[in-house]
Each structure stands twice: as C-alpha cells, then as structure tokens.
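Below sits a lone chain in structure tokens, taken as the form predicted on its own.
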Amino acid sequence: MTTLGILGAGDVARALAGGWIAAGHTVVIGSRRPERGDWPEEVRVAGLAEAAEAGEVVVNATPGRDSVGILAPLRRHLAGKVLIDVANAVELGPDGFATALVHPATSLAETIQAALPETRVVKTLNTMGPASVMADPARLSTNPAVFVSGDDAAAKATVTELLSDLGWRPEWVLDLGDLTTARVPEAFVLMVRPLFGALGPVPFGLAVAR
C-alpha cells in the first residue's frame, strides 16, 4: 500500500482521503493550519512540508489560484515524487463560479511542473463535482471519464492504479498524452456555471461516447 500526502484540507482532500483509506492506503493531510479537527482517526494531520515529505505520492488539493505559491517552497520535499494535481486555477465571480482561467495560455499543471522541475506532475480528477464524485464515480447515472495528462509514463501508471482504488474502471481512464494536454480538461471548469443553470446542483462528470 502507498502513503499519500494530500496537500489541502478541504472537501477534495476529505473525499480523496476517505476513498484511499478505504482501499488500504495511508493518508497524511498537509495544511497551513494543521488541526486535528474531525478527521478520521486513521488520518494524520501535519504541516505542508511534513505531509509532502511523508507521501510516496503527493496530491495537490490546494486552491488552484494559490497552488504554485504553496507548492514552490516545497520543491526539496517533492523532488523525485509523483504529484497528482487535481486543482483548477480560476478567477471567481460573485456567485462563486469560475469566470476565467488564471493560466489561459498554458495550464496550472504545466505551471506547477515549471516550478517543480524535479517532480513528476500528473493532471487528473478535475472535471467532476462535487468532490465526492472523485472517490465514488459509480454514483453517476452515466459511466464517466477521468483524464490523465503527464510527461512521465511511469508516473501516469502509478496514478492510474490509484484511480482504480477510488473506483475508476480502466475503460473510464483516458490518457490524453503529455502535460500540455491538461489545458483542455482544465478549461472544462468554465462550463460548470451554465451546467448548474441547466441542471441544478446535481453531481456531474464528463463522459466520452464511443
């Protein structure tokens, strides 16, 4: 089993932690304000650097706008590791929905990779909501897709195994290619507001018909 360091302590971190603990993995939550709170007893809560150091694989579940600033000081702790980036870096409107991408000419994943050249960044799990869908994709009425982008084939294989542990079937996992392909799924967040307008606040995810 793998020790996963999840950087961030919000709904995404809670959903992923629960899913991976159920699959037998060890989870260390990294927070700027590490507090025990109501985390399950199986979860260790620590500072960001400690969680990054502890994780064999590390997950970026920090707010996308702040991710690069949070992760860059952890370069030494993240060197050589697989970093799963699940965040979306967006400008928010007054209603809390995304109105624009922070990195419109590139992607958050590529920007993180540039800041952490010794880390193997893989983008995934950023085209669904709410966060609980990440760890329970079978709750959707249509078989969803999850996209994987990254420059390192071995890192993507590791991430694919961890996705399987969350309930993502092999046929639902689509490897898009290198990290530049993360630009397309990252742009999907701009569709969330109109989707909510059309469907209401229901669980959602992208599906690929073929």
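Note that residue numbering follows the sequence shown and begins at 1. From a predicted model like this one, the values you see are computed outputs, not experimental measurements.
Quick note: we don't show the form predicted in complex with a small molecule, though the next part is all about it.
- Although the small molecule is omitted here, in the predicted bound form all of 48, 62 and 131 have a heavy atom within 4.5 Å of it.
- Heavy atoms within 4.5 Å of the small molecule in the predicted bound form belong, among the stretches 165 to 173, 138 to 146, 66 to 74, 152 to 160, to residues of 66 to 74.
- Although the partner is absent from this view, residue 181 stays clear of the small molecule in the predicted bound form, with no non-hydrogen atom inside 4.5 angstroms.
- Although the partner is absent here, residue 8 sits close enough that one of its heavy atoms falls within 4.5 Å of the small molecule in the predicted bound form.
- Using a 4.5 Å cutoff between non-hydrogen atoms, residue 88 counts as a contact of the small molecule in the predicted bound form.
- For the chain shown alone, residue 125 is a contact residue for the small molecule in the predicted bound form, at least one non-hydrogen atom being within 4.5 angstroms.
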